[in-house]
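Next up is one chain by itself, shown in structure tokens, the form predicted on its own.
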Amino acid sequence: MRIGIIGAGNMGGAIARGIAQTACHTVVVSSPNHRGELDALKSQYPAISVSTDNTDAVRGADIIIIAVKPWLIDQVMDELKPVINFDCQMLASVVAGVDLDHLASYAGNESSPAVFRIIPNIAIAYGQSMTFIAAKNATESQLNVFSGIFGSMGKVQIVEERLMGAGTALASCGIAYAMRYIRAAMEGGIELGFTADRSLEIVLQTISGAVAMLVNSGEHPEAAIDRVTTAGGITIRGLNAMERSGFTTAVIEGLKASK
């Protein structure tokens, strides 16, 4: 499978790195204005082809992934439309706010192309993304192709397009929210007496352990919490103090604000 990625920024570069690690696909990345990012990709993964000409990534590609800033997509697609064969090339976008109807409109009224919206998160570069996929005019076989590619770089959910904003808030923005919790817990550890590096190690391992518990047990988080709290104990006192400071409300309001 030949995959052309238009854009070498944070998300385009992360997707390219993730795919390159699977060693199952040919990847071509283009960006007219990011020679440095292209050179870094090529240096890290020599098998990736790079170009400052966007049409190089389109020609011969089975899948074209648009990963540019939202305000650039119309300009980029005006350049690419003449060289895209919408009948046999699948067009996908990771561009925030660009819906499936907008993507399909690039083919003109005479065609009903298979188009895809993909929302991964930045952890895709490490094979640990939570990726959402919505599609228009796609066959089950085509959906399976995308599920296979992105499923090799983490978890995938096929969703209705109306849920893409919620998926972005929960999983893409959620990376930043998880990092903010880690930072806060790390700072708390420093206040309690640990050095910064030891505090970070403790917090990361604790989160890894919590994730492993839920993944392996299938428990609801509240049931797992019950296993580590005792009546009158220090854990429930800490949890209640966090709730008095608005912990759960802050998380939910942050997710709603980023949808």
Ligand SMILES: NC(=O)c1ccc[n+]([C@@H]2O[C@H](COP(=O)([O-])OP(=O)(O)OC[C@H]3O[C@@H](n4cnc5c(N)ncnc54)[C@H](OP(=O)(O)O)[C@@H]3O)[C@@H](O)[C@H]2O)c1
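Numbering starts at 1 and follows the sequence shown. All values derive from a computational prediction rather than experimental measurement.
There is also a form predicted together with the ligand; it is not shown, and the following applies to it.
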Only one of 39-47, 26-34, 57-65, 214-222 has residues with a heavy atom within 4.5 Å of the ligand in the model of the complex, and that stretch is 26-34
Problem - Contact test in the model of the complex: P120 vs the ligand, heavy atoms, 4.5 Å - result: yes
Does P70 reach the ligand in the model of the complex, with heavy atoms at most 4.5 Å apart?
-> yes
For Q75, is any heavy atom within 4.5 Å of the ligand in the model of the complex, or not? yes
Original post:
Are any of the heavy atoms in G246 no more than 4.5 Å from a heavy atom of the ligand in the model of the complex?
Top reply: no
Contact with the ligand in the model of the complex, heavy atom within 4.5 Å, among I133, I149, V94, A114 goes to V94
When the ligand is considered in the model of the complex, the residues of 7-22 having a heavy atom within 4.5 Å of it are G7, A8, G9, N10, M11, G12
